[in-house]
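Just one chain follows, in the form predicted alone, and it is written as structure tokens.
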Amino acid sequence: MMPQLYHVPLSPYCRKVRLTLAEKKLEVDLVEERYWERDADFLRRNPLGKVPVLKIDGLILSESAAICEYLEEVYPTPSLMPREPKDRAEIRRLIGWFDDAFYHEVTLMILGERVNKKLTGEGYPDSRNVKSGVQRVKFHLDYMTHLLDHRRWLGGDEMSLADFAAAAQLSCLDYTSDVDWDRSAVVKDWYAKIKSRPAFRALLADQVSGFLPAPHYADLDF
């Protein structure tokens, strides 16, 4: 049976898993899940009621970091984690940076207010949160610039899960045109490389009801 991924299109955690699956050329049946409706069948798959959830190899896996590590161990080609323990630790540190700090300081503040509240019926955007996210994204783009000034990719010389974790967050914000690409040429070039990969094509085709993507969103030469 083809693997099934329960997801929502503008979840960076789901996108990170989708990028990993696509990079490893694993076909998957995408099932859009309205997790906020707390469907009983979905809650049996993940009692926390969170996406992504991946059904694969007779297993039901949840939590994006655990899913990506499973895929890396069971389907090691192409590799998205370095061999050396110290290098793997750095990749995991960066994944944590984007999954935790970037998400809570930026993505949740901007996308959570502008998109998720409308989709889930939670009310109107809080402009204070949006302004906070817009300010904090500058700090994160500057930190990415620092990393890329010294490395070919965020975590080192080879593309890794750290790059997918970052690209997943930024691609969600880019959908709503909330990334100032003029702030850093090196980050823009890095994102253009990621965006041009075959693994990214399905993300660029995403459509969210009620929200049109930015005009440049699917443009590889943005």
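The first residue of the sequence shown is number 1, and the count goes up from there. Because the structure is predicted, anything quoted here is derived from the model rather than measured.
There is another form of the same protein, the form predicted together with another copy of the chain; it is not shown, and what comes next is about it.
task = Identify, from the list Val134, Leu119, Val74, Leu148, the residue with a heavy atom within 4.5 Å of another copy of the chain in the predicted complex.
result = Flagged contact: Val74.
Contacting member of Lys50, Arg34, Arg183, Arg197, with respect to another copy of the chain in the predicted complex [4.5 Å, heavy atom] = Checking each option against another copy of the chain in the predicted complex, the one that comes within 4.5 Å is Lys50.
Distance check, Asn46 to another copy of the chain in the predicted complex, heavy atom within 4.5 Å = Output for Asn46 is yes: heavy atoms within 4.5 Å of another copy of the chain.
Partner contact for His104 in the predicted complex: another copy of the chain, 4.5 angstroms, heavy atom = Looking in the predicted complex, residue contacts with another copy of the chain include His104, since a heavy atom lies within 4.5 Å.
query = Quick one: does Lys138 come within 4.5 Å of another copy of the chain in the predicted complex, counting heavy atoms only?
reply = Lys138: no contact with another copy of the chain in the predicted complex.
task = Answer for Glu63 alone: is it within 4.5 Å of another copy of the chain in the predicted complex, judged on heavy atom distances?
result = It does: once another copy of the chain is placed as it appears in the predicted complex, Glu63 has a heavy atom within 4.5 Å of it.
All of Arg152, Gly156 and Lys193 within 4.5 Å of another copy of the chain in the predicted complex, heavy atom check = Zero of three within 4.5 Å in the predicted complex.
key: Listed range touching another copy of the chain, judged in the predicted complex by heavy atoms within 4.5 Å, from 54-62, 184-192, 163-171, 26-34   = Stretch with heavy atoms near the partner: 54-62.
ask   = Who in 62-98 is close to another copy of the chain in the predicted complex, meaning a heavy atom within 4.5 Å?
value = Contacts from 62-98: Ser62, Glu63, Ala66, Glu69, Tyr70, Glu73, Val74, Pro85, Lys86, Arg88, Ala89, Arg92, Arg93, Gly96, Trp97.
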